[in-house]
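A single chain, nothing else alongside it, follows as structure tokens in the form predicted alone.
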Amino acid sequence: MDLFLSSLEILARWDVFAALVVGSVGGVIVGAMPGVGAAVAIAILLPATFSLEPIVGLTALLGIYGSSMFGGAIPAILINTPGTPVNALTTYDGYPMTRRGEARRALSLAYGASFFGGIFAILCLILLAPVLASIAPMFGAREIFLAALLGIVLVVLTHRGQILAAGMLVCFGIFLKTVGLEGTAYTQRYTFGQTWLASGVDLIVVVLGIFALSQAFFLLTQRDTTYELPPVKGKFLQGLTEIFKYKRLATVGSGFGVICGMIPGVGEFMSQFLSYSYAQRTSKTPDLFGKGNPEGIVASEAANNSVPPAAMIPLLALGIPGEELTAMMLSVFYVHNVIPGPQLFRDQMDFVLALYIALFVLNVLVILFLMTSTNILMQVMRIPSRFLGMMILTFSLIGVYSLRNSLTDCAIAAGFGVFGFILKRLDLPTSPVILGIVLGGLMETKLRTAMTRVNSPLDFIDRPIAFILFAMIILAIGLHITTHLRNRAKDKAHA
């Protein structure tokens, strides 16, 4: 109880609560703008959060991360364009409902399912937190190295059809982390005598370039689109109660979201795909999926909104981000010298609980905001994409320059912006580069520490958790190879 009260005391601070409100409302607005999304907003805001306390900065970013999917459902349902990529499945049934005049019902179902998923995941995490705190001391350098390696493997394997490209991009990210002054022997690596490379490639500069500037370039090269917004009349409270008709789907979908969120590299896409497939398989009207079935909206929205709280588990417990958004938030920890990992759960459990409770509060704030402001919020979809692109470009360059007052950083960010733009054009993933930078640095540090205590390769996995993690790596690779060979055999049989 003392721990819980201590966490509430942290959240009761005016600056923390203000950051939570701004982040929550801002996240909904950003999510409702097609072409922007949480990744771009967080990338732009990162430099500004470095001047804040860790709990304030993280609360603001958490607000954007947790609420953007609420907002992303609005354009997905009204104009058949997902506000964030993870709302794509919502278009399947949301837009057909809008076309037959049920826009308000579809929106309120999406809000209700997202709220249900968010609260479900937070309750799971609060219950799991003491368990995590008890096993945290069992994680040493070799366990964290293997967990990071598992994250790398899963990130690559989840990019089906692009595994080679994802693997190369992860390796490129790991390589970028090796550039600059090496921390043990203090030797220069891959600097080629250039002083501007001595301090390495800054993660924030890369993040702003690959996510924000590349999206700005993308929007600036697009034609402005004018959307015809359908009328949305009536009260949302009545529709919100309808979620209880689908409580089984909402619970199972949220469960998929929690599990997928806790596994690095899996995330929202896999969770909503599993949830949607389950809903269709168990539905009495499977033929209506994709034609405006409310069950489809509940399944996808409950699953994707339960992932953000769960994704905080590997980030806080092991310092391992599951995808690009948590990788960005990890940089806030590092800037303030707060090291996520077992020691955080052991020594600052009130800080961890405060973040969980902040997620709970933001879900309440967001649902209240959406119930009263949806019709006003819809107008952000009318903002021209080129204007958005110019705004993102301007704020991104200001953010990069403010880091160290360096034009060199702006030039590097612009270079990575072009690189990210090319990746988007080729339909290749950008997140493996960021995860390679973050996890590569962590793996190098932990590997160096672990190697001083082992005499043979088998010593590396002679502890229970290390062995389990190693077995999971082998199992993940083995399952992927088996599935690939089976699919290949089926294709040959059908040919």
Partner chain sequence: MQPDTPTPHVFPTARRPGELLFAMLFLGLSVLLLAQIGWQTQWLPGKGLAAQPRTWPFIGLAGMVLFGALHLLATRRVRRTPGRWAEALVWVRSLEFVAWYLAYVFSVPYLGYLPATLIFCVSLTWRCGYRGRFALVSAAGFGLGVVLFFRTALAAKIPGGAIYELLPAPLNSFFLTYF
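What you see is a predicted model; the values in this text were computed from it and never measured. Positions refer to the first chain, counted from 1.
The same protein also exists as the form predicted together with the partner chain; that form is not shown, yet it is the one meant from here on.
(message) I'd like to check something about A198: if you look in the predicted complex, is any of its heavy atoms closer than or equal to 4.5 Å to a heavy atom of the partner chain?
(response) Result no; A198 lies far from the partner chain in the predicted complex.
(message) Please determine whether E444 contacts the partner chain in the predicted complex, using a 4.5 Å cut-off between heavy atoms.
(response) E444: yes, in contact with the partner chain in the predicted complex.
(message) Taking the partner chain as it sits in the predicted complex, is V400 near enough to touch it, meaning that at least one heavy atom pair lies within 4.5 angstroms?
(response) Yes - in the predicted complex, heavy atoms of V400 and the partner chain come within 4.5 Å of each other.
(message) Within 4.5 Å, heavy atoms only: does A113 come near the partner chain in the predicted complex?
(response) No, A113 stays farther than 4.5 Å from the partner chain in the predicted complex.
(request) Flag this candidate site as yes only if F4, F244 and S254 all have a heavy atom within 4.5 Å of the partner chain in the predicted complex; otherwise mark no. (result) No, none of F4, F244 and S254 comes within 4.5 Å of the partner chain in the predicted complex.
(request) Heavy atom within 4.5 Å of the partner chain in the predicted complex: which of F369, F333, F351, F273 fits that? Just give me the one. (result) Of F369, F333, F351, F273, the residue with a heavy atom within 4.5 Å of the partner chain in the predicted complex is F273.
(request) Name the single residue among I259, C410, L128, V338 that comes within 4.5 Å of the partner chain in the predicted complex, judging by heavy atoms. (result) Residue within 4.5 Å of the partner: C410.
(request) Mind telling me which stretch in 304-312, 114-122, 341-349, 174-182 gets its heavy atoms within 4.5 Å of the partner chain in the predicted complex? (result) Selected range: 174-182.
(message) For the stretch 47-83, I need every residue with any heavy atom inside 4.5 Å of the partner chain in the predicted complex, listed N to C.
(response) Read in sequence order, the residues that approach the partner chain (within 4.5 Å, in the predicted complex) are A48, N80, P82.
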